[in-house]
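Only one chain is given next, in C-alpha cells, and it is the form predicted on its own.
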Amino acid sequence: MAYDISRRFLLAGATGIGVAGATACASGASAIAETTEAAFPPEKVAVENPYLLGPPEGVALLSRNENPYGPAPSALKMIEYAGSKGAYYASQVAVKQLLEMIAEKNGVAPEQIALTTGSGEALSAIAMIYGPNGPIVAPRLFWDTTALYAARLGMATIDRVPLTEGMEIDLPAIEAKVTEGTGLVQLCNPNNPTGLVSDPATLKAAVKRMAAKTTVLVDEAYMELADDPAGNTCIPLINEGHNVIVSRTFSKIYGMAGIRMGYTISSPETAQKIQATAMSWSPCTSYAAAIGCYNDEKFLNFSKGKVVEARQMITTTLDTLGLEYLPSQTNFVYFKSGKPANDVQKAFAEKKISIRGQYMDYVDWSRVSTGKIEDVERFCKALPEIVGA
C-alpha cells in the first residue's frame, strides 16, 4: 500500500513508544527467587572490534533470533523517505494508516490494536497493568524479560509452571493454577527458547476456559514463521469475546529488530489501557518501515524460505550427530549437546560464532538461531568438533 497522506485523517490518541527496561537482563544468580529468576540470561558476545549495528566483522551472529535479510526493500524505501522527514514527529496520519492495515489483515477493528515500540513495550505495559492484580502464571521457560521488568519494579510476581517431559507448555497444569485472583496468564506460541507450537485445538480450548477467569496474553512473536499461522493464532478468540490479548512484532520475519515496531490485538477497552501505558512514541522511521513492508508477501515468503532452509541445515546436522533437539517452527533450534551449554557457547565464541548459553537449569540445552546461510554453515561444520562427535 502506498503511503498516501492525502487520503488519511488525523487520529486522536497516543502512539507507540519505547520501552525502558524491556531489554533488562537477569543476573542468573542461583539466589534469585523463582518468581524473579530469568529464563533468559544475559547474552555474552565476544567483541574484538568496535561496531555500531549488527555483528562485529567475521562473527556469525546466531544468538538473537534476528532476520539478517531484512528490512525488506519496501521498508528501506519508506525509511529513506522518513529520514528526509526526520525533523518532524511521527504523524497521526501514519498511525491511522498502519492501524487500518493491521486491522484489515487480521479481521479486527483499528480500535482493537495498540501500537508500540516493538512488542516488548506492549508486553512490559501489560505486565505492569495486570501484575498488581495477582501473579502472572506462565510456563517455566518463556520469553520472560518483559514480565521480569514489572517484577523488578515490585509490580508483579511470576508463578512458573514446569514444562512437560517433552518440553511442551503444560496447559493442564497452568490451567489448574488459574483462579479469579490470577493477574494474568502469559503464554508464548511458538514458545521461546523451545521453538515448539502448542496443539491449536488444545491451546484454544484452554485459553477460553482461563480467559473466563482472568486475562490471557499470547505472545505470537514467531507466529508468521509457524507452519500454519492462520490455524494456530489465538486472534479469532478475541472477536468471539474472550478476554485475550495477542502480541505481534516486526522484529522477526520482517527483519526490523533494530527499527522497533510491534502491536497487540485485544478488545478496544484493553487496547486503550495498553496504549495509555505507553511512555513515549515511536519514530517516524518505524511507522514508515512498517507501512512499507506489512503486506510485502514477496519478502515474507523469501524470509520464511531462508529460515526453513537454515533450520533444515541445522536439524540435518543434529540428526547426523545423533543429538536430540526439539521440532522448531521458529527461526531457532533448541538442542541437547550433552555438554554444559555455557561451555558450548564459549567454544563457539572462540570460532567467532555466537549462540545462546544456558537457560535456567537446562544445563546441556543450547539455542542456535537461523541467521545467514553461510553463518549457519559455519555452525554446522564446527558443531561436530565442539560436541566431540
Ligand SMILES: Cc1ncc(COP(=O)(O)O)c(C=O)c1O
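One rule holds for the numbers: they count along the sequence shown, beginning at 1. Just so it is clear, the structure is predicted and the values come from calculations on it, not from any experiment.
Another form, the form predicted in complex with this ligand, is not on view; read the next lines as being about it.
Comment: 248-256 is the region of 226-234, 169-177, 97-105, 248-256 lying near this ligand in the model of the complex, near meaning a non-hydrogen atom within 4.5 Å. For the options N192, S198, T270, T285, the one in contact with this ligand in the model of the complex, meaning a heavy atom within 4.5 Å, is N192. Checking I274, V207, A221, M78 for any heavy atom within 4.5 Å of this ligand in the model of the complex turns up a single hit: A221. For a residue to qualify, one of its non-hydrogen atoms must sit within 4.5 Å of this ligand in the model of the complex; all three of G118, C188 and R260 qualify.
Proximity of L123 to this ligand in the model of the complex falls within the 4.5 Å heavy atom cutoff.
In the model of the complex, no heavy atom of F299 sits within 4.5 Å of this ligand. Although the partner is absent from this view, Y149 stays clear of this ligand in the model of the complex, with no non-hydrogen atom inside 4.5 angstroms. In the model of the complex, no heavy atom of Y294 sits within 4.5 Å of this ligand. Along 286-324, no residue reaches a heavy atom to within 4.5 Å of this ligand in the model of the complex.
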